[in-house]
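Take a look at this single chain in structure tokens; it is the form predicted on its own.
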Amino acid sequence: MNARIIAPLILGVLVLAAWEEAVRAFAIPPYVLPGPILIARTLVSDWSILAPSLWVTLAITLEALAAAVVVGGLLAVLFSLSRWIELSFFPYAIILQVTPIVAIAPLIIVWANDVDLSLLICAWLVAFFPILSNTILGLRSVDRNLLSLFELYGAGRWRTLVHLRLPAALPYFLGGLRISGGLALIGAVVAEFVAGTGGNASGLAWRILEAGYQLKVPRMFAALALISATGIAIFLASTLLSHLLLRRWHESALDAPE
């Protein structure tokens, strides 16, 4: 088995074992800090409650990520084609990125007048900028000699974009995708916290709040573990996609020498 898998697995097992032993040795009550075994049991026993919330949060995350890919990618291409459009709109994209989502989420919830739409907008605002900035960087990182060669053979702007700039930008886009996947999940969870929506159609953030109100701390940790596992799964999926698309031609996907 690859050392990239073995090393973190061993470290994770050691940390969990130390955590469980510390909880038992110091007799820490479950409502203060539950052990990993109790959290795992709670995850199984409360699965009927946590699973629907997991799908709600995951759906918002994936929808926001898809919107970030479409909007961020199209804007990056548009900016690369027109310097004036980029100079006009890119500063506002930066403003949206640096504005804390916690500060504007209540306004979005009020203006959207729809909880699901407001959660999607909040998650999208957090996720789209890495796609935009990384893709722009990739579109501008084309080898100047190749650009001169395309010009020499009379390739127009669109042919150069499709056959040269977009392939060159693909590794940068995929790097932004890996970042945006986690950010979309963070945006969805933060928006759920701010919205405070309950009921059967609520996400994992509400389950954490609900468990906190009821002092069901093991359920809080179980929901948090699901959020972390979801983020890891999204990162691994985007990493696998990057490897499949780049493995045959880009240096970043080639195996490093031992």
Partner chain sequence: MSISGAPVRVRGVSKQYGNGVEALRGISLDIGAGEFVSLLGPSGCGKTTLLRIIAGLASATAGSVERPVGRGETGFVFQEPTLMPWATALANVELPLKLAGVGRAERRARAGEALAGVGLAGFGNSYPRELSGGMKMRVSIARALVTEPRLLLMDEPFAALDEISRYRLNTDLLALWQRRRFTAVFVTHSVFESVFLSQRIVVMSARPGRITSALDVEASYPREEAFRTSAEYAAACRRVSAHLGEAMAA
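All values reported here derive from a predicted model rather than from experimental measurement. Positions refer to the first chain, counted from 1.
The protein also exists as the form predicted together with the partner chain; that form is not presented, and the subsequent description refers to it.
- Only one segment in the set 180-188, 97-105, 67-75, 141-149 has residues whose heavy atoms sit within 4.5 Å of the partner chain in the model of the complex; it is 141-149.
- This chain appears without its partner; in the model of the complex, the one residue of 85, 155, 117, 137 with a heavy atom within 4.5 Å of the partner chain is 155.
- Using a 4.5 angstroms limit between non-hydrogen atoms, residue 235 is distant from the partner chain in the model of the complex.
- Proximity of residue 24 to the partner chain in the model of the complex falls outside the 4.5 Å heavy atom cutoff.
- For residue 168, a non-hydrogen atom is located within 4.5 Å of the partner chain in the model of the complex, even though that partner is not displayed.
- Within this chain, residue 109 is remote from the site of the partner chain in the model of the complex, having no heavy atom within 4.5 Å.
- Looking at 231-249, the residues that come within 4.5 Å of the partner chain in the model of the complex, counting any heavy atom, are 247, 248, 249.
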